[in-house]
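Shown here is one chain on its own, the form predicted on its own, set out as structure tokens.
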């Protein structure tokens, strides 16, 4: 599809009977979003092409078929193109108050739409953006995050480094504001668990011949002692050259090498191979190759839908099955095929979940790592815990 993101409107209309009567899914795609540069490096090479999350939502609905049949729920899926040149509020005005909105849009538009859905009292999910500040700036009782935050990703990485005894970290980052923001988050995670950044160095994205020597991996990684090189490269351009090119022979982690992930095709436990096989094959007319799996955003969208459908059947109060009621219920959970069920953190509406630490081809570990303890829920060692969060919804 020729657009970057989607706005998923999962309209749940519940009757006054004991069970829900319809579960309607409406996909609002961004009408004029330019996809040509998405996933391309500075040199124009596509290293991480964008993939819409619709297939993951279709899978979640497919997996819920038996539940829908048992509870006599009708489900449907439709797509509507969202026109960015037309007033967004007017395009959202007809959405039912009982709707669940899943936002998979470019960052600026996602923030705008999230605030509008809150004003319209619509329950919404962020499934694409991990920016740490969003969990604080969009602190609204109608807004939820299914994608892990940067704090969760980097806490998982920090725990792994400490677990392996790699405490001296050389940080290499890109020049963008996003790279600087994520580097600060990584610094805080490493400090939190007892690692130390011995130096921080910045590469540039330039065709200027004068910059070539300064950007050589041997130069950027020389003159200091370190156990591991951490790379923050949001565009995934320069960082791909660092492995096997560092001055000292050391592991590379972060945006290349060993990477914190929400999902990965190489996970071989907890029923994950079966989930990956369903993702590849449930659409008989559109089969995928064996090494294709859900992206982090796709898995987040799948998780958001399944959190609702999995929790409906376990609800003791069948008189109120609205999305908001299901999501704020501490008993609502979803099997994430990562060893621990996912649930909503009530203070900032982040979906708590384990984080995978993976190479391109294999899952090496699953965080939280052993011996990292928490007084209430061990997965809450990943991300901003309740006492430290500026968002205090409950």
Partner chain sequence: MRFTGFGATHVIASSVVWQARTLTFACALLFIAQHTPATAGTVVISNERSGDLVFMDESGKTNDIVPLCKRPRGMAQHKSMGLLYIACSDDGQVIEFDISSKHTRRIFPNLPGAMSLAIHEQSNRIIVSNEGAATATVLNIESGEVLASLPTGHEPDGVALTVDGSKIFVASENAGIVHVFDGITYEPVKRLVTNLRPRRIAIRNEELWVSSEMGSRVEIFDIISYEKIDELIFAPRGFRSEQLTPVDILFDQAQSTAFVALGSANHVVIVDAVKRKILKYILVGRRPWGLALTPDGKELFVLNGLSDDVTIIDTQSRRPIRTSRTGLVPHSIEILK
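Keep in mind it's a predicted model, so treat the numbers as computed, not measured. Residue numbers count along the first chain shown, from 1.
Unshown form predicted in complex with its partner chain; subsequent notes refer to it.
Although the partner is absent from this view, residue 63 contacts its partner chain in the predicted complex, with a non-hydrogen atom inside 4.5 angstroms. For residue 208, no non-hydrogen atom is located within 4.5 Å of its partner chain in the predicted complex, even though that partner is not displayed.
Contact check for residue 31: every heavy atom lies farther than 4.5 Å from its partner chain in the predicted complex.
Its partner chain in the predicted complex is approached by residue 270, whose closest heavy atom lies within 4.5 angstroms of it.
Comment: its partner chain is not present in this chain, but in the predicted complex one of 138, 71, 110, 183 has a heavy atom within 4.5 Å of it, namely 71.
Residue 313 is the only one of 204, 188, 97, 313 with a heavy atom lying within 4.5 Å of its partner chain in the predicted complex. Of the candidate stretches 194 to 202, 305 to 313, 257 to 265, 97 to 105, only 305 to 313 has residues with heavy atoms within 4.5 Å of its partner chain in the predicted complex. Not one of 280, 283 and 300 comes within 4.5 Å of its partner chain in the predicted complex, counting any heavy atom. Contact residues in stretch 366 to 385 (any heavy atom within 4.5 Å of its partner chain, taken in the predicted complex) are 374, 375, 376, 377, 378, 379.
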